[in-house]
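Quick heads-up: it's one chain on its own, the form predicted alone, in structure tokens.
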């Protein structure tokens, strides 16, 4: 479980009062739930996510993982418990796929044999046959394949939590549809507590158990697809949904 309690983040500037990126954000992500965190560019969704693994520190409020304030936890130990996937995959270009996936296992002093077994398990999990992909380099992979490797690496230490920052945003529509299907299957198998940041409402509806919509640093509505379609909380929610429904119709 991840709990946000009145969390705020202000980026201070040399002159001026500062920029409020997150404003009194309160929400609970239940154990095993995938929460889609969505909003327009600059609404604070990525900042909110980065507060969880302390890439950014909050200005106010508290974030709790399984009931413990993250500020009481060693930051390295905290990040070992949180898988992190970014849009480009973030792979090291000079390392093979196997080495990229097994890197955190190396840091944790696993044996070479245990790392090989874990890497093969993870490649199978993300539908990349180990015999075909383990010895390739990132330059030899398509965008979708790089994202699968990024997901596999994030799962290497079997963390209970996952943070995913626009993980499929750079893919072409055909690749996105395919990896969406695979991710939906994967999340049923591994059941991590996940925050998925996206700007795409259709993606959130497809992959998340619940959706949290932000606007100007604030949480404006939380719910499932029917809540947004049938009971938009504000005119902004209605306009946001209408624009995405128009995009869906245009893509159909």
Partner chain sequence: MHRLWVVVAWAVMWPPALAAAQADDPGPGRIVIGSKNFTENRLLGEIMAQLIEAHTDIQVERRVNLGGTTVVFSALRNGEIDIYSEYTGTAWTVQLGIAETAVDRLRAYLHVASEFERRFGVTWLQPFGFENSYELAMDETAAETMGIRTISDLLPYEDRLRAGVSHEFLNRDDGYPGLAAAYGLEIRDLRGLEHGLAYEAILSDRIDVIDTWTTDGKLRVYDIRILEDDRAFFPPYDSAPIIRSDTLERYPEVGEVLGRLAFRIDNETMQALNYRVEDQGGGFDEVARDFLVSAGLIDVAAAEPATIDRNGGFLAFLWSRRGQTARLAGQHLGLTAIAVLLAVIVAVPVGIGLTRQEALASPALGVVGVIQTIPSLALLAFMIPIPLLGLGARSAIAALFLYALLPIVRNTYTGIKEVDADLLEAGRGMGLDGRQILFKLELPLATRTIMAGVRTSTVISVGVATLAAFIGAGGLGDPIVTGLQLNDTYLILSGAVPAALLALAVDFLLGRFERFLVPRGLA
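Predicted model, so just to flag it, every value in this text is computed and none were measured. Numbering follows the first chain given and starts at 1.
We do not show the form predicted together with its partner chain, though everything after this point is about it.
K.L.:
Just one of 178, 71, 79, 120 has a heavy atom within 4.5 Å of its partner chain in the model of the complex. Which one?
P.N.:
Selected residue: 79.
K.L.:
Could you check which residue among 134, 141, 103, 125 gets a heavy atom within 4.5 Å of its partner chain in the model of the complex?
P.N.:
It is 103.
K.L.:
I'd like to know if residue 90 sits close to its partner chain in the model of the complex, meaning any non-hydrogen atom pair within 4.5 angstroms.
P.N.:
Taking the distances in the model of the complex, the answer for residue 90 is yes, it comes within 4.5 Å of its partner chain.
K.L.:
Does its partner chain get within 4.5 angstroms of any non-hydrogen atom of residue 168 in the model of the complex?
P.N.:
Residue 168 lies outside the contact set for its partner chain.
K.L.:
In the model of the complex, does residue 84 come within 4.5 Å of its partner chain, counting heavy atoms only?
P.N.:
Answer yes; at least one heavy atom of residue 84 falls within 4.5 Å of its partner chain in the model of the complex.
K.L.:
Looking in the model of the complex, any heavy atom of residue 99 within 4.5 Å of its partner chain?
P.N.:
Answer yes; at least one heavy atom of residue 99 falls within 4.5 Å of its partner chain in the model of the complex.
K.L.:
With the partner absent here, would 10, 12 and 40 each sit within 4.5 Å of its partner chain in the model of the complex, counting heavy atoms only?
P.N.:
Not a single listed residue reaches its partner chain in the model of the complex, so no.
K.L.:
Looking at 126-134, 141-149, 71-79, 110-118, which lies within 4.5 angstroms of its partner chain in the model of the complex, counting heavy atoms?
P.N.:
Heavy-atom contact with the partner occurs in 71-79.
K.L.:
Is any part of 41-79 within 4.5 angstroms of its partner chain in the model of the complex by a non-hydrogen atom, and which residues would that be?
P.N.:
Stretch hits, in order: 50, 53, 55, 76, 79.
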